[in-house]
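Next up: the same protein chain in two forms, each one alone, written as structure tokens (structure 1, then structure 2).
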Structure 1
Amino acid sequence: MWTFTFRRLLLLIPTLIGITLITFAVTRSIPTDPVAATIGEQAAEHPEIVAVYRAKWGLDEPLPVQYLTYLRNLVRGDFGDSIYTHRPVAADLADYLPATIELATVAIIISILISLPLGVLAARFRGGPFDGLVRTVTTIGVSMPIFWLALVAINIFYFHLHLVPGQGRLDSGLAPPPTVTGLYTIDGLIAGDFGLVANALYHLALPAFVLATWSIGLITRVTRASMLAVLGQDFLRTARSKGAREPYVLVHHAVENAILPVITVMGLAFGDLLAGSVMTETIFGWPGIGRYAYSAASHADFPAVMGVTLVVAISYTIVNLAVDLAYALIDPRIRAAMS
């Protein structure tokens, strides 16, 4: 397992270089004046600011050298300065990322808790009314424009039923807990402030549910399909004929063999969650990188957009790495083949 983990971690390096190559290519594809786009129209009118900028990013050098300069600045944690907030993009991202991680994590937990039982039961009772219902609802789920769903949810649950709190991660009177992880639920637990944890969860509930719409649909469908492929197999009949009870057969024999594709799709769903966070956070006023990306895009704040792009791609890559490792952990055959 250790060799496998080590090898897989080594593979991360070319992937990360690839990601930076793409973002570098995008920054160089600006059709108008790229310098003005990256430092802002106002700053671009001052020759001395432009000169400093050109020197810092090596813009007078040939392209390969420019890329190396770009890479060096990124490694140092220098993502450039935001045109709109006038702060280093890295500092902005550090402030907003924990909120997004917390929201996405709660959303994926909700998705898994709902999707696995739904998918397993739909497959078990294939063709029945429950299966039909699950298939209909999940098809709607994966086809949903969630930005509209978010608007509807706010209108109903906040404006009309007053069931959920307003914008933000906590009620406006509450101070955030001392920062350890930046996730208010975890930090609240560490500080022993359960009232605060409850309030943070209260604020998380609706955005997380809306964000989970796609992934619930996706994971349920894959779980169902994967279970269908396993359910007809002989080893289940053997288990049953040995007198194992149906729930035991379902969970220990069927689900364990059907879980690999489900884990893969969870990794993919996480990418959807990060993308969906742009919409959900914007509409719910959730102070994460998704809302930051939206405001950056609408203010033509190019360095900030690229910063979010880079961070999202890196997070996505790390999640997929975790998926690969989980694969090896669950399936001894893969472990054997890889090491």
Structure 2
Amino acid sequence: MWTFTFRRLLLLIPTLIGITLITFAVTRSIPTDPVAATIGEQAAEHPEIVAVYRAKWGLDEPLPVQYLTYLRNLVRGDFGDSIYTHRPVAADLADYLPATIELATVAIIISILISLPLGVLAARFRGGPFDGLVRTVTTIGVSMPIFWLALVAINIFYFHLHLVPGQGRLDSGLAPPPTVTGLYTIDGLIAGDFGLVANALYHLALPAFVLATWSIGLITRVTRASMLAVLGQDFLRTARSKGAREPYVLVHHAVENAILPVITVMGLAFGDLLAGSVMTETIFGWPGIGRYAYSAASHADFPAVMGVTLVVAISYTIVNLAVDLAYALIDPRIRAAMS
């Protein structure tokens, strides 16, 4: 398994190089001058200022030179400086990424806790009223636009019912915990401040649930389909004939044999939650990389856009590797093939 993991990590290098090349080409093809977008009217009135800024960010160099310079800096851990915030992109990502990880993690936990039981029970009672209700609700969840659901949720639960707090990760005036991981819930537990943990979860609840709606529908439908493929197998009838109770048969026989496709979808869903939280974070005022990416794209901040893209690509690769390793832990046949 260690050899397999090492090979997968080596494949990360050409993958990331290809991503940087594609991202660089796409961002440079956009007909927008980042200097003009940053300094506004001064760009037209003072061309000498534009020349200074272009030289500062290396935009006056040929494109191949710009790309090679970016790769050289990237090897040293330098993502460049943000054109909009005037800070190192690495520092911006370090500030914003933990909030997205925390939001996506809570969202995927919510998705798993809801979708697995729904998918298993829908398959168990196939064709019945419960199965029809689950299929209808999950279809709506998959097809519903997240930005619309976020606006509706804020309107109902914040403005009318006053059940959830406003924007941000904590109540105003409440200081964040000492930074260890950047995740307020974890750092609050480390600091022993359970009131702060409760407040952080209070702020997480609605945006995490809204973000989870799509993955709940997807994981539920895949769980149902995978369970249906297993429930008709002979080994389940054998287990029942030996006197095993139905809950035991479902959990210890059916679910264990149907879980591998579900794990794949869970991994992809978690990657999508990390990458696709732009609208959710923007609407809820959540200070994550989704909101940072939206701001960077709005201001043609090429270094920031490329930094976010690279972080998302690395996240997807790590999640896929974790899924493969989870396969090996669950299925001894796959573990033997990886050895």
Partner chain sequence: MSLERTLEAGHRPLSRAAGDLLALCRRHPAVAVSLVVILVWVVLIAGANIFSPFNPLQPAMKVRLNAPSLEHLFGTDQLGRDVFTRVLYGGRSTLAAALAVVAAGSLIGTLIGAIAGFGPRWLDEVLMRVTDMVLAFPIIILAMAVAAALGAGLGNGVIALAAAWWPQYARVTRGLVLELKSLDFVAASRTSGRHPAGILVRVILPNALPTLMVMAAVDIGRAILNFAMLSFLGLGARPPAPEWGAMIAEGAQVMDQWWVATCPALAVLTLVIAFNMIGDGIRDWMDPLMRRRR
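Remember, predicted model here, so these are calculated numbers, not experimental data. Numbering runs along the sequence of structure 1, starting at 1. Take the two forms, superpose them, and find the largest set of C-alpha atoms that agree within 1.5 Å; that set is the rigid core.
Taken from the form predicted alone is structure 2; the remaining one is not. Remark: with the core as the superposition reference, the CA shift of residue 320 between structures 1 and 2 stays below 2 Å. For residue 21, the Cα deviation between structures 1 and 2 after core superposition amounts to 3.9 Å.
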